Every structure is written in structure tokens, then in C-alpha cells.
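Included below are C-alpha cells for two forms of one protein chain, each presented in isolation as structure 1 and structure 2.
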Structure 1
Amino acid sequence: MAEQFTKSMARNIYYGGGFFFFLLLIGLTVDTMLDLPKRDHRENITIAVAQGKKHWEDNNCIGCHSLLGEGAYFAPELGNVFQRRGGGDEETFKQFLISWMGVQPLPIPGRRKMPQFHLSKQEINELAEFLIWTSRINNNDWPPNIEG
């Protein structure tokens, strides 16, 4: 190696490193795109799931809750709420969600208040379908504990 670091050496390291990391980015992107269909079970997306996602977005649920680690951490993670509150039974979870949404805001002093969104029973069922679908995504066991 030369005793002095030249401009051409710096340029070669810059371009070589840039090219290497660009190829790495492309490779990881291709790997992710090939792996996603196996993990997200997109074939199970129904009209109710899509409508539930729309209700999730329209009511800005992510402004307080996180879903699969994304969103605000003001309120509980909802990526596993189906297992937590429904025990794996869809009807039990839907009844829980209808009841829970119906009694908001809870009159407990010192507790953060979830607003009353005045969603219909059908809208809550669609939101439940979205949360059930979300809970079945292969997410490497996120969140790390059952209480989110």
C-alpha cells in the first residue's frame, strides 16, 4: 500500500463502497419482497378486513395505539389484542370489542381516556376483522409479551 492516501484511492473507496452497499440494498429488498407473501397471508384479506383498516385509519387509532410496533405508544399495542382479549376465539373477541368500545370513555380517575367514536356494530366487527387478520401475520413474535 502507498504511504500516502491519494485522491484516486479515496474516490475508488467511495465508489466501490457505494456500489457494494447499493447491491446489498437491492439484494435485501428482493429478499424481503419474496418473503412477504409467505408471512402476511394477503390471500386472507376480505372486504371486512379492508373496511376495518379504513376505520382504523379514519379514526386515527395509530395516533394513540401501536400496531406491530408502529405508531404511538400512548395506549396499548394492538397487534396481539385478539389473543389477549379474545383468547383465539373470533366471536368472543368481537363481543369484547363491541362492549369495550361501547363503554368508552371509562370514568376512572387518573386513567387516560379513550374517546367514544360512536361506531356502529358493523364497523366494530370490521375493525375486529382487521385486528384478527393483523394478529395472524407472522411477525417474529412481536410484541415480546402478551400485554403488548
Structure 2
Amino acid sequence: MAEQFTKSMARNIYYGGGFFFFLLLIGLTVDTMLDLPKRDHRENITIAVAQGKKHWEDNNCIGCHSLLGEGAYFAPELGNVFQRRGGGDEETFKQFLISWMGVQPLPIPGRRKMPQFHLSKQEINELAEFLIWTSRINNNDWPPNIEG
């Protein structure tokens, strides 16, 4: 590095730059927080949706699946499973999920396995509510197609 560029100049860029961009991040975060209610439709987070998120976490579904593209890559994306497996119809999807959860693990040799979680019908309905709410988040139209 050129001799004119001294250590104290480098230090000032570090402190100044770090501080400035951290403040900018806070500013953008505040702006995002104001914008999000329009995009996440939080008015639709019912008790059932909140309970569904809890079952999702308590059973570590994210350890195999991705949700909005984050998580594990071992099993299908579930952010749009409401469209894929329910065709966008709530009743159809709930029926699907109840039977799906009931028949796991599928007895197909060699195929990746999803465990049996022994959830009640109500718990599965709440999971379905959570996945339906999730599928309606405005997330800039990801994934590219129905397969997730």
C-alpha cells in the first residue's frame, strides 16, 4: 500500500465506515418494519396460526425442509405447499395434511423418510393454518415455480 496511506487513516475508515453503515442498517430496518404489515398480513395471524408455528418449531420441521428457501435441503420447500398440494383451497389442503402426516413414514425402501410425529387432528389443522398464512406473504414471488 502507498506510503501516504497511514495506519490512522485505515483506522478512521474502520470506525467511521463501521459506524455509518451500522446506522444505515438501523435506518433501513426501521423503514422495513413500517412497511412489513402491508406485506406479511399480520392481521391474519390468528391463535391457530401462532400455534401452528409453535408445532412447526417444536417438531423441528426445518431440520429437513426449507421454508421460504431457508432451512434444510433434504425435503420439499413448504412455503408454497398450500398451492402445490392444496391447489390453493384451504379445505383440500387441510385434508391432505391430515392424511399425509398420518401415513408417515412411507414404507418405500430407500426413499427419504419423514418421521411419524403423532400429532392430533387439531395440531395438524393449526400447522395447516400456519403454512397457509406463510404462503400468502408477499415475498417478491419466490419460488420460481410450483415445485419450490
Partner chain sequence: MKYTSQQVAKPYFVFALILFVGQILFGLAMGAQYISGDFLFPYIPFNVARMVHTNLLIVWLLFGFMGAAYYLVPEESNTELHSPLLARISFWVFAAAGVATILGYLLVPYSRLAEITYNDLLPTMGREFLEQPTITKIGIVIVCLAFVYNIGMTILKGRKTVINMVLITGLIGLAVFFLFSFYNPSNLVLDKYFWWWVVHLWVEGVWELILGAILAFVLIKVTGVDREVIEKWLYVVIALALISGLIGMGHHYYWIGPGKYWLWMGSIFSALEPVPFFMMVMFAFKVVKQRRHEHKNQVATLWALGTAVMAFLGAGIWGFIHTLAPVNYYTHGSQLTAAHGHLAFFGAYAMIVMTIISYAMPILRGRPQGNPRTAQRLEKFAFWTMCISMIGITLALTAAGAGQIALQRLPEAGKALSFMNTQEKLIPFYWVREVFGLVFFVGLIAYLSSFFVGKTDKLANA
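Quantities reported herein were computed from a predicted structural model and do not represent experimental measurements. Here, a residue number simply tells you its place in the sequence of structure 1, counted from 1.
Visitor: Just to confirm, one of these is the form predicted on its own and one is not; which one is it?
Guide: Of the two forms shown, it is structure 1 that corresponds to the form predicted on its own, while structure 2 does not.
Visitor: Quote the angle in degrees describing how far the smaller of the two rigid parts swings relative to the larger between structure 1 and structure 2.
Guide: Comparing the two forms, the smaller part rotates by 25 degrees relative to the larger.
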